[in-house]
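Take a look at this single chain in structure tokens; it is the form predicted alone.
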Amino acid sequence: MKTSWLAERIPSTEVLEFLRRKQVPLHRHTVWYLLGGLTGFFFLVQVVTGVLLTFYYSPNPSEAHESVRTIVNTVPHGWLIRSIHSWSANFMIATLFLHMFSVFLLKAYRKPREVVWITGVILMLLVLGFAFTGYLLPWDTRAYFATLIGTEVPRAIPVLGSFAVGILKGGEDIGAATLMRMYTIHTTILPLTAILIIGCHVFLTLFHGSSVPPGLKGEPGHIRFFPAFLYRDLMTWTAALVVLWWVATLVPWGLGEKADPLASAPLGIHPEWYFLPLYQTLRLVPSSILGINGELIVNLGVMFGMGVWFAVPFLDRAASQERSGRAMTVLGLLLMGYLALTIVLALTT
């Protein structure tokens, strides 16, 4: 049988055969498997709309706000592209956290998927980095003063704190250097890093397959990934696109007044919802505890907590023995409760 020129050079047949053989466990928790692909879908929306926005955006304090205003008011459908970009960022963060906690509660991090979990946590940090660096780009009042506060948070950490603040700001004040660094990190460094980690994460997920929660070993059946489960993914992405389009159209993402570095910070200013747990924690902790800087304690606590989160697959001995240990489950539920409570408190106080 004659082989086509393209088939000889690209192993499409082998890839399709692998996808046909690949199976997905079918049980009462299978729906949670859709969240990873949904998060990836929102990331693709971010990439496409972000590229379109860069055609008209100017990363300069004197022009940034006006360039965004031009996108919203003058560029054909620019308001819709920007609204989709902003709303999809929020949806991506929400689905990412749902995906991460579903993986945690289903114990899908256990052997041999430890590296899948680690790359997932790295992706969570990268997504939050996207959110933080992109927040300043419109150069409006709220973004400016929220970034001013946010970039000062790490300063309490000895040695590395001042260095990190200097890297982010490019000087003592929020200015042209800060905006250019945020723009470069947001549009170049983070995307390239994220694509690399996503590739590793997806490859390992396909290689190891979807994990079955402990206690369900004898229960689940299986469905083929291609085309059965892929159809479910496509249906989920289509529904997500409809909802995203609907929200972006009916509730366009706003643009505040141009930032004035000489003005005072407006009352009641706070970061976006995904940074509210850290913001509220800093508000709740006294400025000094037994003579130790309160911000330093919070920062060290966050660093320690992230270290524990990375090490979850190695700390959960019960899951490694295919048992449903309650200790880690309780820890995850407490963390979810704390995050939800601090968000509510920050928005209501």
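For every residue, the number given is its place in the sequence shown, counted from 1. Note that the structure is a prediction, hence the values are computed from the model and not measured.
Missing here is the form predicted together with protoporphyrin IX containing FE; even so, the following discussion is about that form.
Open item on the list: So protoporphyrin IX containing FE isn't shown here. In the model of the complex, which residue out of 141, 187, 211, 178 has a non-hydrogen atom within 4.5 Å of it?
Closed with: So the residue touching protoporphyrin IX containing FE in the model of the complex, by this definition, is 211.
- [ ] Let me know the one among 174, 182, 259, 123 whose heavy atoms come within 4.5 Å of protoporphyrin IX containing FE in the model of the complex, would you?
- [x] Looking at 174, 182, 259, 123 one by one, just 123 meets the 4.5 Å heavy-atom criterion.
Task: Every residue of 86, 88 and 252 near protoporphyrin IX containing FE in the model of the complex, heavy atom within 4.5 Å - done: Per the other structure, none of 86, 88 and 252 touch protoporphyrin IX containing FE.
- [ ] Answer for residue 132 alone: is it within 4.5 Å of protoporphyrin IX containing FE in the model of the complex, judged on heavy atom distances?
- [x] No, residue 132 is distant from the partner.
- [ ] Consider residue 113 of the chain shown here, and say whether it contacts protoporphyrin IX containing FE in the model of the complex, taking contact as heavy atoms within 4.5 Å.
- [x] Residue 113: contacts protoporphyrin IX containing FE in the model of the complex.
- [ ] Give a yes or no for residue 169: in the model of the complex, does one of its heavy atoms lie within 4.5 Å of a heavy atom belonging to protoporphyrin IX containing FE?
- [x] Contact check for residue 169: no, nothing within 4.5 Å of protoporphyrin IX containing FE in the model of the complex.
TODO: Determine whether any heavy atom of residue 99 comes within 4.5 Å of a heavy atom of protoporphyrin IX containing FE in the model of the complex, and answer yes or no.
DONE: Residue-level check for residue 99: yes, a contact with protoporphyrin IX containing FE.
- [ ] Can you check 199 to 207, 154 to 162, 239 to 247, 68 to 76 and let me know which stretch has heavy atoms within 4.5 Å of protoporphyrin IX containing FE in the model of the complex?
- [x] The contacting stretch here is 199 to 207.
Open item on the list: Residue by residue through 74 to 111, which ones have a non-hydrogen atom no more than 4.5 angstroms from protoporphyrin IX containing FE in the model of the complex?
Closed with: 92, 96, 99, 100, 103, 108, 109 sit within 4.5 Å of the partner.
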